[in-house]
Structure formats: structure tokens, C-alpha cells
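Let's start with one chain on its own, the form predicted on its own, as C-alpha cells.
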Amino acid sequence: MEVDKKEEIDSESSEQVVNPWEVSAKDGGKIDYDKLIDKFGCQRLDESLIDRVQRLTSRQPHVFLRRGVFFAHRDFNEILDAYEKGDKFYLYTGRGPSSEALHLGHLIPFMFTKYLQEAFKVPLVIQLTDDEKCMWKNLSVEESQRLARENAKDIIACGFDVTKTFIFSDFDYVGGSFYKNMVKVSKCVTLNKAMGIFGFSGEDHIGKLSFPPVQAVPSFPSSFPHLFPGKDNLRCLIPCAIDQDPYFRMTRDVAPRLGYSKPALIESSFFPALQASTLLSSLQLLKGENGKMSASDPNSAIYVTDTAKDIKNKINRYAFSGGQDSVEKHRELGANLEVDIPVKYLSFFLEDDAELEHIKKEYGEGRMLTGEVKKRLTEVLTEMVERHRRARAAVTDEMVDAFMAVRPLPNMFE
């Protein structure tokens, strides 16, 4: 069984900690994604799968596929096999609403999910885990619900199709068939197994122990009888960051015992923080990239509410550079692209492949300076954030109600 692999997610001897609540590497180093793939037991997303996506959808693969942002998977090949035979599937992703505004790292799964929805013409369910954040972040129920609706507006602003998308809040939706599936999953997972998978301890309150089935069961079509009546064999594909993998290792272990297909996953790397941690030594600072962008440190993140001035200041002041300490030395040695945060951000958000390669070549060989790269990044992110802000401003409460209404989606596979 998948969850019988080495279950320790967190221990003092671990070189890196990656779980749904913490992402860090030993001594502030970089996350080793190859080790993570081996530890979790998922597969590397290779070029042959990306080529298949292009052939089956007749459109260029998303930049996040082309550049390895989504780099690992579980059974994505089986989803493509079924799709090629004419069988549809549905998408499931989610958001834990713990902050008023999203940062760019939060947008990545939604940008990619929108592409998948359009490319494969399939329905989507988006879970807002307001109950989880109430338990983990010490928020009140009312505040968690309020943040869920605010975050829903940012999600809708990404451009999802209301005729193919159902957004739901756990506080509002859990019950009926959804709750029945939660109980079935709960009976299949022992306390020891949950502690092994998630690292729970005797100090954690029982609410945390009860949560994993809530995130598991949107993987089962019968949890949405208004969407998928009589379609219990419908496959589910989950785009998410790889720190969510423990939830779905558990789900994939349980699913066949309950008569469901295992959900497939396509998993992304983490979006790095702007700056190296100030707690690191000068030697460690050379590593540049530490963990992922954090909503708890406003200077580590670009938010969708940031002004053009905010974005420029954050990039110029905090974006860790791989350039050399003097122009002369930089012209001679060039930039270290492995640690340069502006180049990493451009790899996420600059659409033009040729321009990105040009910047990397010129900067890496010292002909382009750090200031020029930061200026281009500022332009790209300012345009992106402004576009999102305009889209979000157009999202009304009535639109949120429409996306969250429990109703059939008659054209969801067209």
C-alpha cells in the first residue's frame, strides 16, 4: 500500500520537512525535489507526458508544464489514457482561507487548474477549507467563513467557467453524501496511521485528527450528487503543491476499499520567497532560496493587492540576486542563476520562452545586470497583478453565490 512507505514526515534528523503545514530544509537549504519524489513515492512528470497533453488537447502546454513547475504526478498517465479513449474526468483543487489577500504563490494552482479545465473541457470542484484554518490558525468560525468568501473572489477572478465550476465552503457544504464518505474514510484510517502520515502528536487537538477525511472525499464523485449522479466511476485529477501529497496518499490507500478509483495527482514545486532568510549565516545566504513564499512575512511575498510601487520596492529591496557584488566582477563571472530569485520568478510568469532564455543567457554571462532583470520582473508582475485586480473588482457577491450554489452543471463536459 502507498502509505506503507516511510511515513515519517517530520523528525529531528530529517534533512527537510515537507507536510501540509510546514515546508523547510535543513540549515535553510534548498528543497531537494528528487528526494521528495523518492520519499513520497510519486513519479517524475516527464516530457512524454507533456507531449501527450499537447497532442490530446491540441494546444501548447501551459508554461508551468513546459518549465517543470508541475514536476511530479500520481497516475496522470492513466487520466490521459482514459481521456484518449473518450472517458471524461473532473478536477479538484482547494484553498485554505487564512489571509485576506492571496500572494502569487497561492495563485499558481488556480492558474494551472484553469488551463486544465479549458484544455480538457471538464468540470471542477474547489474546496475552501475554512474549517481547517479555524482549527490550525486559531481563527473564529465567523472569520474563517468571511475569509473563505473573500478568497473565493480572488479564485473567481482567475477566470473559471461558472457553468463548469462548483466552489464550496466546508462549513456550508459538509453533510449528506459528503459526510457519509467522510465517515467511511475515517473508519479505514487508524490513529497510528494518521500519526505516521501527518505527524500528529498527543499535543494536537482532536479536531486536527478529524480533518484529513474532509480533504480526502472531494476525490470521490459521490460526494457531489448534484453534479455527478450515477457517475461513481468518474476519475478525479487533483492539481496541487506537493506538500498536500500526504492527504492524497491516505486517500489513494482508502479509495479502492470503498469502491472508488484512486484520485490522480499532478504536483507543483514551491514558489520561493523573495529573500533568503535573515536567520541564516552569511555562508548559508549564498543559497538564496529557502522554502516557499509565506503569507506570514509580507516582505517575502508579492500580493495581489500590492500596488505597482509596492511591487517595485519589494523586488528591488528584497529579491535575492545571484549577481556579483560589483559591475566589473559581474561582467567577468556573470550571475549565478541557480540562486537568483528574479530569474526564478520570470521562469514562472514570463510567457515568452525565447525572451526568458535570452535573459538567462545574457545575465548568466554577465552582459545583463541585476537591475535590468529586476526591472523586467517588475514589469511582468505589475501587469499580472493589475490584470488580476481589475478582474477581482468585477466579481460581485452575486457571482460568488452563483459559483457556490448547489446546482447541476448540465454542460460541464462540453
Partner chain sequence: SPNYLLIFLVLQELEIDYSKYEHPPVLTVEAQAKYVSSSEGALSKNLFLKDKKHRYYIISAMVDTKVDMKVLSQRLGLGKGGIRMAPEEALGELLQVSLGCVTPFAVVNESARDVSLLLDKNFKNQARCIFHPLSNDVSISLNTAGLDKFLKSIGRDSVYVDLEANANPAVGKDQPPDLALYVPAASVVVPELSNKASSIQTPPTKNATSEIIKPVASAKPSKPAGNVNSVSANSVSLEFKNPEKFVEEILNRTSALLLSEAKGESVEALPGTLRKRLTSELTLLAIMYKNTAYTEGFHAGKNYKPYRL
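Since this is a predicted model, take the numbers as computed values, not measurements. Numbering follows the first chain given and starts at 1.
The form predicted together with its partner chain exists for this protein as well; it is not shown, and the discussion that follows is about that form.
Chemist: Indicate whether residue 25 is a 4.5 Å heavy atom neighbour of its partner chain in the predicted complex.
Modeler: No.
Chemist: With a cut-off of 4.5 Å between heavy atoms, is residue 256 one of the residues that contacts its partner chain in the predicted complex?
Modeler: Although its partner chain is absent here, residue 256 would stay clear of it in the predicted complex, with no heavy atoms inside 4.5 Å.
Chemist: Is residue 150 a contact residue for its partner chain in the predicted complex, using a 4.5 Å heavy atom cut-off?
Modeler: The answer is no: residue 150 has no heavy atom within 4.5 Å of its partner chain.
Chemist: Does residue 387 reach its partner chain in the predicted complex, with heavy atoms at most 4.5 Å apart?
Modeler: Looking in the predicted complex, residue contacts with its partner chain include residue 387, since a heavy atom lies within 4.5 Å.
Chemist: Looking at 193, 208, 235, 312, which has any heavy atom no more than 4.5 Å from its partner chain in the predicted complex?
Modeler: Partner contact (heavy atom, 4.5 Å) among the options: 312.
Chemist: Exactly one of 365, 32, 352, 46 has a non-hydrogen atom within 4.5 Å of its partner chain in the predicted complex; which residue is it?
Modeler: After the contact test, the surviving option is 352.
Chemist: So which stretch, 209 to 217, 72 to 80, 161 to 169, 246 to 254, is the one near its partner chain in the predicted complex (non-hydrogen atoms, 4.5 Å)?
Modeler: Correct option: 161 to 169.
Chemist: Whether 118, 331 and 383 jointly form a contact site for its partner chain in the predicted complex is the question; each needs a heavy atom within 4.5 Å.
Modeler: The answer is yes: all three residues contact the partner (heavy atom, 4.5 Å cut-off).
Chemist: With its partner chain taken in the predicted complex, which residues across 381 to 402 come within 4.5 angstroms through any non-hydrogen atom?
Modeler: Sequence-ordered list: 382, 383, 387, 390, 391, 393, 394, 395, 396, 398, 399, 401, 402.
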